[in-house]
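Take a look at this single chain, the form predicted on its own, given in structure tokens.
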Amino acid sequence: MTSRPPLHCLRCARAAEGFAGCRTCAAEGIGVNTMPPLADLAGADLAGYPGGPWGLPTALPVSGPPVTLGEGNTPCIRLRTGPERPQDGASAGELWLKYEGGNPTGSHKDRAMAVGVAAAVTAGAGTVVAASSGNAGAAAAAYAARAGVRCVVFTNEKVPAGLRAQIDALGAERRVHPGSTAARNAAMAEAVEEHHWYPLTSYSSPSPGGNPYANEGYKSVAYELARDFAGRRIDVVVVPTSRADLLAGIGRGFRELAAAGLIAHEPRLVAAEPSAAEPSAAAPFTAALRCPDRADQERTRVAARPTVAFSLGEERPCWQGLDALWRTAGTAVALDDEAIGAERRRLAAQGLILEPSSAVGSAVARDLARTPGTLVVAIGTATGLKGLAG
């Protein structure tokens, strides 16, 4: 068993252990993730960076061998912002989609699960566990199978059939807990505490976010964007956001790049959220940033309501996401089901099938890219193929 890098609370800087977040901040009702130190990228060569989490292995908090299925290095696709072809004129800014559906199991979760399962193996774990509405469970199952370890996925009855089939086909043990996400997470927490299974996702309340070692895999999205847009300024990166693991990971990646002098400017980050019929329901970051005081922002609560973007939606903003937005003068935007559906149709007309949670990001980014001279990148988190009827 190999030692792991130390963790510290992002908010209060206290040293921490385990994967339940900072207990001191949780006592205040604020879910804050604990993270390893930022990596030093001095001397890294982005031009020669092959992509993916393992392309810069010294940037990861894992000392053991990689667990990989070839994740990362996903394409950036320029989207039309109007009737004109992309190469015609400069009537608006540029809108690009970083298509994470190109990962082995079809979502951005592969980046985290590759690193998380490798960390679990290094720690001597025999069973990994995830609580998931679908994509995280499928990725956990795939990388556990690759590593030869047991995988248990806690889900509910609302997981789409395609995702259930993917989890089952990959050999994971799927445990269905009807009802709320809180009940599902409580069952996972009990399993972690009683059986000492290695948790790959969030399970505590208030949620701090996912496994901090696994989340370091998301930094590679920033590295790839910096490489692919070398010499160009990315103004905004829009990220579909729930517990902000991806948002925070991308933010950490850009911070590391800037500290090493590999980029001159950190892009502004924008959290894209779904909104139910009630104002701000299911959109805690949007609601939080309406408060002028940060102390009120980090204590915001909204009503969780179902939306078409079934994998997004929380009652509280995870602090790691607020931190990423604060650091880049970012913001959050919420869209309703009608706007998300319209964006899915626009994407399909350009040859792309994305799940609703992904379309939230490109819809928000589309509006931001209306400003001439602006370069906006939306993170297309997952393919929509899993949700198509057979």
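Everything numeric in this text was worked out from a predicted model, so none of it was measured. Each residue number is its position in the shown sequence, starting from 1.
The form predicted together with a further copy of the same chain exists for this protein as well; it is not shown, and the discussion that follows is about that form.
**Q** Give a yes or no for L352: in the model of the complex, does one of its heavy atoms lie within 4.5 Å of a heavy atom belonging to a further copy of the same chain?
**A** L352: yes, in contact with a further copy of the same chain in the model of the complex.
**Q** Evaluate G162 for contact with a further copy of the same chain in the model of the complex, applying a 4.5 angstroms cut-off between non-hydrogen atoms, and reply yes or no.
**A** Judged by the heavy-atom cut-off of 4.5 Å, G162 is in contact with a further copy of the same chain in the model of the complex.
**Q** Heavy atoms within 4.5 Å of a further copy of the same chain in the model of the complex: does Q166 have any?
**A** Q166: yes, in contact with a further copy of the same chain in the model of the complex.
**Q** State yes or no: in the model of the complex, is some non-hydrogen atom of P36 no more than 4.5 angstroms from a non-hydrogen atom of a further copy of the same chain?
**A** Close contact is absent here: in the model of the complex, P36 is far from a further copy of the same chain, nothing within 4.5 Å, heavy atoms only.
**Q** Out of the stretches listed (66-74, 335-343, 22-30, 37-45), which one is close to a further copy of the same chain in the model of the complex, meaning heavy atoms within 4.5 Å?
**A** After filtering at 4.5 Å, what remains is 66-74.
**Q** Considering S275, S220, S202, T105, which brings a non-hydrogen atom within 4.5 Å of a further copy of the same chain in the model of the complex?
**A** It is T105 that has a heavy atom within 4.5 Å of the partner.
**Q** Name the residue from V237, V153, A142, V302 that puts a heavy atom within 4.5 Å of a further copy of the same chain in the model of the complex.
**A** That would be A142.
**Q** Assess the spot marked by L170, A348 and L385: is a further copy of the same chain within 4.5 Å of a heavy atom from every one of these residues in the model of the complex?
**A** Every listed residue reaches a further copy of the same chain in the model of the complex, so yes.
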